[in-house]
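What follows is one chain in structure tokens, specifically the form predicted on its own.
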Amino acid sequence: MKKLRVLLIGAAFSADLHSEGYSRIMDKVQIVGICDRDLDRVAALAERYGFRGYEAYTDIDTAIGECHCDVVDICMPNFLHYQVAMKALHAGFDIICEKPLATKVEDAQDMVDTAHRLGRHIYYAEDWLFAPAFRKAIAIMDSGQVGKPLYIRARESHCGSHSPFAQKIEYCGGGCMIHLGVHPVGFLLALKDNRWTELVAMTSGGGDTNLVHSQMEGEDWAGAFLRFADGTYAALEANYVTTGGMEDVLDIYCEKGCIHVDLSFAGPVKVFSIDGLDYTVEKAEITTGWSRPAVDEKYNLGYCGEIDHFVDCALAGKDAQVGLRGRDGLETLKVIHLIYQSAKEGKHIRNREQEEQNEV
């Protein structure tokens, strides 16, 4: 069986998430290269997941130019996605790109247009779409047993990133909405095939107007209301003011019932520790006292499923499912920037193109 040859660009946080997925499907994938300016980090990542026979690189141009791969997996800070993606696409490779697709809409558009022109695929890594609990919720909703969905509420939040790349808009593209809200936005757009009709939003504004993180240029709280072409309403929230660990929450209110999913804190293990544990859940500030340690966290958050899907699609030379394509990442970024526009201008934004399609 032919294996998909993958070049990882980056060996830190995102690369760790993706590597967990690759490590479970080594029968159909081979990590042939890992690029990071810190070779100790490369070695540690490879050792952690049992990668063997790979080439280590410290320079992106050299890695893309010399590595014999099929796919370039971009696990870099937001502001580098565009630069690395364009190098990889022009070199003739498909790419996997973490969220957000880029920091600027025009860059994301250029990525999508370039991939189309060159006959390459962009696989957009939206892990919510492969979170088992969310997939179960979608299956129940689609079954019709709870009736037509009327209103959906989705949120991702935690206490805030300490990465220097999350502090400045130049590097991140915004605040918590582009960094965390990208998940509920992308997830709901995928459910509704990107067909939204209107939105209105508010944010904390960034800097001194933030609720907690005054050193952060982007906002630390953001919320938006959207309406979709089928009449469904949605409320989306992202914030950096949530203590106690990351929250991923989805609520679906239907004609004959409702569905509630708490992705982060529904684990079956409960522990009391006086001294504290090494780890419980992502972004938990303390681990003393009672806690619920995550069980197979990366799988349950969807990272393993999305990587498996991308590998299968790349081996077959086909696009990913709706929500995981480059153009879905582009639509997600467009909506996020419109959320920022709505909040800044106090403006109710209508999607005139979609409204005209509805009238036809």
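Start at 1 with the first residue shown and count on from there. The shown structure was predicted, so the numbers you read here are calculated from the model rather than taken from an experiment.
Only in words, not in the display: the form predicted in complex with a small molecule, which the text now covers.
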query: All of 14, 77 and 303 within 4.5 Å of the small molecule in the predicted bound form, heavy atom check; finding: yes
query: Partner proximity in the predicted bound form: residue 98 to the small molecule, non-hydrogen atom cutoff 4.5 Å; finding: yes
query: Contact flag, residue 41 vs the small molecule in the predicted bound form, heavy atom cut 4.5 Å; finding: yes
query: The small molecule contact at residue 333 in the predicted bound form, heavy atom, 4.5 Å; finding: no
query: Residue 60, heavy atom within 4.5 angstroms of the small molecule in the predicted bound form; finding: yes
query: Candidate stretches 315 to 323, 24 to 32, 52 to 60, 289 to 297, one within 4.5 Å of the small molecule in the predicted bound form by heavy atom; finding: 52 to 60
query: Residue (of 273, 214, 163, 243) lying close to the small molecule in the predicted bound form, criterion heavy atoms within 4.5 Å; finding: 163
